[in-house]
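Just the one chain here, laid out as structure tokens, in the form predicted on its own.
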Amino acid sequence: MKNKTKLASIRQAFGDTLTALASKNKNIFVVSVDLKSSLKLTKFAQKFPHRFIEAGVAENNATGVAAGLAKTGKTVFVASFSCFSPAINWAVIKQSICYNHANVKIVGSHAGLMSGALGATHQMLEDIALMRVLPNMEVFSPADATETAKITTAISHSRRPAYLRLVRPDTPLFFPPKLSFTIGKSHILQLGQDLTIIGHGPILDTALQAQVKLKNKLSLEIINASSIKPLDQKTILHSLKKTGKLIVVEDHQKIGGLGEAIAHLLLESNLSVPFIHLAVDNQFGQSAKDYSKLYQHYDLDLDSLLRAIKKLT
């Protein structure tokens, strides 16, 4: 996924945006799980010390505190690594947040295979599955730092529980700055006729690279489904009725991810199209400083996508 495109930090975009939003909204609170600096919330804590709560390494307690604050009318962001939240505190999220319709946003960083030197123990490939299944929970996975700012803003204005999936490294900027973000809507990053590629998160940049490689040989329609739940069914179905072929690419387990959600949509819609799902196939991650090596190993890199395209066309 390496290219010459400008890189930016998704985590920094989240921290900066939330701090700016809190300057205008006194009801925004943050509950941290001893990961303030990693989630880029140091400025928030310095600027709003009475609205920043450090819970320490206690995910369940932090989530309970957040739910309590939300029931007093606050908009609360719980910030941690995705391998800890929602992995450790899932039951509290279900009972205290979703069951009670509490206005809490779970922010999980270091998602997917992009954990860098922290290794396999800090990778999270099951978070979308865990959060998609919860009633009342919405799930978002921004493509880059630009979209992260837009999604953070959108969910701060919503009263519904939400999960925001972030990654660790700086990643390519490719989300058009002029595009707005609407909960429940996807973005067509590129119009095409021959094949639809749908994904979420920074890995979707691989699809744009694939079109460059293919030049004028094939016309790819590339859809950024950053709103995983609610899913933009209309845009997806319209594209697939046009192209008749589908590849879903995501840095997540095949089970429970975006690909499974779209497969379910196709079955319900009685729409049959050739479909390849590029994702981690019922395996745990491995440790590697360079996540591009992991993408090669799990068939998530550009060459793997090009092979999948060739197979369908």
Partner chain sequence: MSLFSNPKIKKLQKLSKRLRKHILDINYYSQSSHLGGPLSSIDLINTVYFSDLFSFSDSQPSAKDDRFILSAGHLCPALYAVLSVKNYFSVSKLKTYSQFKSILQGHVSTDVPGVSYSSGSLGQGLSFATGLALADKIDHKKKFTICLTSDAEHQEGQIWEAVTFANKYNLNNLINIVDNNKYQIDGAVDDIMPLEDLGAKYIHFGWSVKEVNGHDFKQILRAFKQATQSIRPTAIIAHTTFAKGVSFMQHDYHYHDLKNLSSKLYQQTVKEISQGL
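Positions refer to the first chain, counted from 1. If you're wondering where the values come from, they're calculated on a predicted model, not measured in any experiment.
We do not show the form predicted in complex with the partner chain, though everything after this point is about it.
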Would the partner chain be touched by all three of Glu54, Asn60 and Gln95 in the model of the complex, meaning a heavy atom each within 4.5 Å? yes
When the contact criterion is heavy atoms within 4.5 Å, does Gly64 count as touching the partner chain in the model of the complex? yes
Please determine whether Ser158 contacts the partner chain in the model of the complex, using a 4.5 Å cut-off between heavy atoms. no
Even though the partner chain is not shown here, does Gly256 get within 4.5 Å of it in the model of the complex, heavy atoms only? no
Using a 4.5 angstroms cut-off on non-hydrogen atoms, would Gly68 count as touching the partner chain in the model of the complex? yes
Residues in which of 164-172, 234-242, 198-206, 72-80 have heavy atoms within 4.5 Å of the partner chain in the model of the complex? 72-80
Scan Ser219, Thr146, Asn100, Asn136 and let me know which has any heavy atom within 4.5 Å of the partner chain in the model of the complex. Asn100
Contact assignment for the partner chain in the model of the complex, among Ala91, Val212, Ala117, Leu191, heavy atom within 4.5 Å: Ala91
